[in-house]
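Next up is one chain by itself, shown in structure tokens, the form predicted on its own.
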């Protein structure tokens, strides 16, 4: 291995170590896992498009993208920890093969449709970014059960044996971040040569008769990304309107955008001290919502009023950053009482567990003079769906009070970043 190669490997090993320290996390910096994922130029640019703002760590990712214009695949050569791991697998591979080198640059098309999707709030394949893939296995220890954890890290679990069998097919042909860097590198002669070079590059005829030129395939991929984005948004609206619509973590975008913007990096799952954020493996949210984080109050914990960590570590903007006071007002869902099984309403027990447990004083015991019964009444102006009442309810196996998602807000439909709903005051 030559000197330059050794330098590249050494720098990537240092970056791998730094990424492990930051994502674990072993530092007091709450935003560290987010910063690791946002170093990806593709994630940084898509997140900036979606959020209509460029954060500090996203700015670093954009700078890395600019360096890729000057040096082809600069990020792959010096930063990417996933690429380093897969490269090590290549060297111990069972069979060296490069027949896939004749494939078209699928990673470039994946990057194109993802970028176009970001413009309408649904970056379709952003979850395949290698920095998101690198972080996802860290959610395994806190995913709630082994199956959820294994599925959370399933993309990396697929890439490892794929690389073992086929060599560098992922980095060489499939990776959207690698393809995006190739697209950036193609800008170098365009910038140097001006508009004339650009016209020649775009209008150059295909080398082989009957073949579609690369630039035209990129346009087709972009149109396909636009179509997938629209499909994803429509399916998200359908999920939000269903009776078993998922509960999403605080700061979540509306459902028609959330599943597309979420990159399944596992940061929110790993950060949650209550362990109530789990990757969706049920399939109830459809293919588009698979492995996206949901909230489940099936443990002894609720969404704590003194915690906003999940909103701070999201790199894509699927969970918008909220300070603690704002997070306490974010509406996760609404608590509803089933009086047919409530112990108080049935007169079986003088129960006020939900009233005592509610940290927002949103529940009170009311008296119905006509039916001559008492029942817990939820004030929707105070309830943010934290789930404290649900885990305190003594009825089993079905809780008499539980949190359900809200119906979609049609007034914000179609916005790239529709405003989440908050309690007044």
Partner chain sequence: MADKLTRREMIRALTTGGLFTAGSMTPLAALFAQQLGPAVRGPQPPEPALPKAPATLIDGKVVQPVRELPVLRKTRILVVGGGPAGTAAALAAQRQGVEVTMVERYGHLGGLATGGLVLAIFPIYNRDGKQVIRGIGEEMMQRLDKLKFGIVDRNKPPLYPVVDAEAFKYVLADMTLQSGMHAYLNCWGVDAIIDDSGAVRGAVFESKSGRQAILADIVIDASGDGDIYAAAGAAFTKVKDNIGLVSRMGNMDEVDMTGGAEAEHASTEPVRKRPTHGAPVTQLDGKLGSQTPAPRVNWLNMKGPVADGLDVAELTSLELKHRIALWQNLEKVRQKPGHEDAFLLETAPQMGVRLTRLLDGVQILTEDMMKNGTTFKDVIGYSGAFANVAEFQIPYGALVPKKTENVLVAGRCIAADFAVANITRLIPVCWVTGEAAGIAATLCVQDQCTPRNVDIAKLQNILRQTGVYLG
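Numbering follows the first chain given and starts at 1. These numbers were taken from a predicted model, which means no experiment stands behind them.
Keep in mind that the form predicted together with its partner chain is not shown, yet the notes after this line are about it.
A residue is said to contact a partner when one of its heavy atoms sits within 4.5 Å of a partner heavy atom; residue 51 fails this definition for its partner chain in the predicted bound form, lying far away. Put simply, residue 340 is close to its partner chain in the predicted bound form: some heavy atom of it is within 4.5 Å. Looking at residue 323, you'd find every heavy atom of it more than 4.5 angstroms from its partner chain in the predicted bound form.
Its partner chain is not shown here, and in the predicted bound form it never comes within 4.5 Å of any heavy atom of residue 62.
Note on contacts: among 159, 344, 124, 128, the single residue with a heavy atom within 4.5 Å of its partner chain in the predicted bound form is 344. Note that among 65-73, 389-397, 36-44, 22-30, the stretch whose heavy atoms approach its partner chain to within 4.5 Å in the predicted bound form is 389-397.
Taking its partner chain as it sits in the predicted bound form, the stretch 347-361 comes within 4.5 angstroms of it through a non-hydrogen atom at 347, 348, 349, 350, 352, 353, 356, 357, 361.
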